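Only one chain is given next, in structure tokens, and it is the form predicted on its own.
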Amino acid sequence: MVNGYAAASLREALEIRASRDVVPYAGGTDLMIENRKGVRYLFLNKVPELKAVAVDDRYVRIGAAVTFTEALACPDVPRLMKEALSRIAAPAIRNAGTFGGNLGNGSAKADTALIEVAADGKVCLASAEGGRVVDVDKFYLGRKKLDLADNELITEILLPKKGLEQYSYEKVGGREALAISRVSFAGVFAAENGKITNIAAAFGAVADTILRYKDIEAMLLGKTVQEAKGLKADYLNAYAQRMTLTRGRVSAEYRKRVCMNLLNGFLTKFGI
């Protein structure tokens, strides 16, 4: 029996969060295996405000307690996100795992967080005093460190409604299925009137946080594909110089080589 509280509304959840020392969760696929002693939990899976997927003028808004399986069945969730979701663990995990939990776990290996960083996603946070919106790449402060106050809950993930149609996604693991990433990559490309308007590249599972270098991306923004092709060597070299990766089950050198190959393949896919 889990020791804690089960909230029936967002308001109740925020009141409990403000007044009790609790660990919030919805699916608990990672949390429960930790077997923490003396911890009280705040169960969020019955909070209706956290279970919806909605669309406004700019964003697809995915509730923090929406499961991966539910998102896969939702026509509004971008294909890029669905591709990552389809490769998370087994159906039983996808049936329980949630967007808020995957992001709130604070891991650079989180499959959905990688997509959110590449897509310029945002996270909505709420407390009993009010709410705020944070860019996902700024929400990650370090390994298991988040810009989340003790009285706040993750309520929604925001993904751009448009601009994610052209992408590249790769997940490199030790085996074909049920693998935790050794290296993961998500790239987003967009062009208008012959000029590159977006070229985002994010790398997961290779450092303490998800890596994305917007200043290097800026080298190709506003350029034609042909102009970008002429800058490709400098662009790749800038990444090679910047990337300092951690060692995991494989060497940092291997990870870096894989990252550079994935980045090169992404550029080539879009004619660069």
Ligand SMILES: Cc1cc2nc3c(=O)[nH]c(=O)nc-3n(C[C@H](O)[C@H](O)[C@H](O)COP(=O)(O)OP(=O)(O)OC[C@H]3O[C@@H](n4cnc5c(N)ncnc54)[C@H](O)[C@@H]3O)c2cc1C
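From 1 onward, residues are counted along the sequence shown. What you see is a predicted model; the values in this text were computed from it and never measured.
Heads up, the form predicted in complex with the named molecule isn't pictured, but that's what we're talking about next.
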Which of 128-136, 195-203, 85-93, 160-168 lies within 4.5 Å of the named molecule in the predicted complex, heavy atoms considered? The stretch 85-93
Taking 29, 110 and 154 as the candidate spot, are all three within 4.5 angstroms of the named molecule in the predicted complex by heavy atoms?
-> yes
The named molecule: the contacting residue among 64, 60, 210, 47 in the predicted complex [heavy atom, 4.5 Å] | 64
214, 36, 242, 247: which sits within 4.5 Å of the named molecule in the predicted complex by any heavy atom?
-> 36
Non-hydrogen atom contact residue 23 with the named molecule in the predicted complex at 4.5 angstroms | yes
State yes or no: in the predicted complex, is some non-hydrogen atom of residue 182 no more than 4.5 angstroms from a non-hydrogen atom of the named molecule?
-> yes
Look up in the predicted complex whether residue 100 has a non-hydrogen atom within 4.5 angstroms of the named molecule, and give yes or no.
-> yes
Quick one: does residue 121 come within 4.5 Å of the named molecule in the predicted complex, counting heavy atoms only?
-> no
